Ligand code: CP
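For reference, the chain that follows is the form predicted on its own, supplied as structure tokens.
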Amino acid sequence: MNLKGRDFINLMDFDRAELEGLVELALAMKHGDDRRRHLQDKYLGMLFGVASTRTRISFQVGAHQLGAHAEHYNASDLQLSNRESLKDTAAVMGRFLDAIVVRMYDMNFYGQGRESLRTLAEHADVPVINALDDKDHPCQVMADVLTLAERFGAGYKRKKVVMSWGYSKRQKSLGVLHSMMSAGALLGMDLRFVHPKGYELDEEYVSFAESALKLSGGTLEFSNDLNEGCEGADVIYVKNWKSLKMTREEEEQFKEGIQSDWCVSAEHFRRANPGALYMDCMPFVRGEQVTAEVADGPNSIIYDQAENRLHMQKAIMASII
């Protein structure tokens, strides 16, 4: 697996062997092979235009553990706030840094965040790592795959993973869903996406997945009924995301009418397979997309997911920088 110098923006840009190699490296790092000085004297810039907890902290800690220095920049503190172009910002950052970690999007303008990342990648001349835009969250999803591989072993690809929409007052990125669809299709996983009508995912990702599944042997299902969608699940993973079809005003009104129908509870786990796990990339509000009983229950592995952000991102940084 040779990823040196490549951007890590969209999992569709990688193949099955490369994704499996990242999982293997992350597992090795977690259990002793931490390559402590692998990035000795390297400098990472972290350009965040959107709030972050797990992503920001895990990148900073992971970079330090690999011997690098990672510094966080808020977009509002840079000359971007005085209308300097993203092209000029990227070109200058690339002269100073060995890689750039970027979180930048505005859910009022779907696709604009991806355009910004592509601009940075084009002009920075160093690897750009997507720390969440409006289309993908590759670091989160690769950490999720690592978590599944830990829990289920080599058979994780045959476990039914249900990715369900959950109610939230906020409008959130589709990144986790798109990246999971891409990763699952490449790796040959069994995925089911459950959401209200009007929350269909970007057709670009659906088309890619359907094509990749012909080679990988995985499955891709869709349902608009949460009860039905949880039947036979080995994992129920809840994530809110913005509708690509409704205006903000239309969506706010629509969501309030379906709130009680899209909160995962113990009842949904009774429809799942025995021992089914609960996953959530966080943050969430208990009582909105999931009940406290489920989120804090014995089958919840949300903090394992969060920890694995560190190990997977170390593997990503060590591979591309």
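The first residue of the sequence shown is number 1, and the count goes up from there. Worth saying up front: this structure is predicted, and the values here are computed from it rather than measured.
Form predicted in complex with phosphoric acid mono(formamide)ester (CP): not shown, discussed below.
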Query raised in the report: Of the options Met282, Val61, Ile258, Ala292, which one has a non-hydrogen atom that comes within 4.5 Å of phosphoric acid mono(formamide)ester (CP) in the predicted complex?
Result: Met282
Report summary line: Assert contact residue (phosphoric acid mono(formamide)ester (CP), in the predicted complex, non-hydrogen atom within 4.5 Å, options Lys30, Arg271, Arg54, His38) equals Arg54
Requested in this report: Answer yes if any heavy atom of Arg309 is within 4.5 Å of a heavy atom of phosphoric acid mono(formamide)ester (CP) in the predicted complex; otherwise answer no.
Outcome: yes
Report task. Consider Gln140 of the chain shown here, and say whether it contacts phosphoric acid mono(formamide)ester (CP) in the predicted complex, taking contact as heavy atoms within 4.5 Å. Result -> yes
**Report entry** Distance check, His195 to phosphoric acid mono(formamide)ester (CP) in the predicted complex, heavy atom within 4.5 Å
**Finding:** no
**Report entry** in the predicted complex, Arg103 touching phosphoric acid mono(formamide)ester (CP) (heavy atom, 4.5 Å)
**Finding:** yes
Query raised in the report: Which one, 248-256, 46-54, 64-72, 292-300, holds residues whose non-hydrogen atoms are within 4.5 Å of phosphoric acid mono(formamide)ester (CP) in the predicted complex?
Result: 46-54
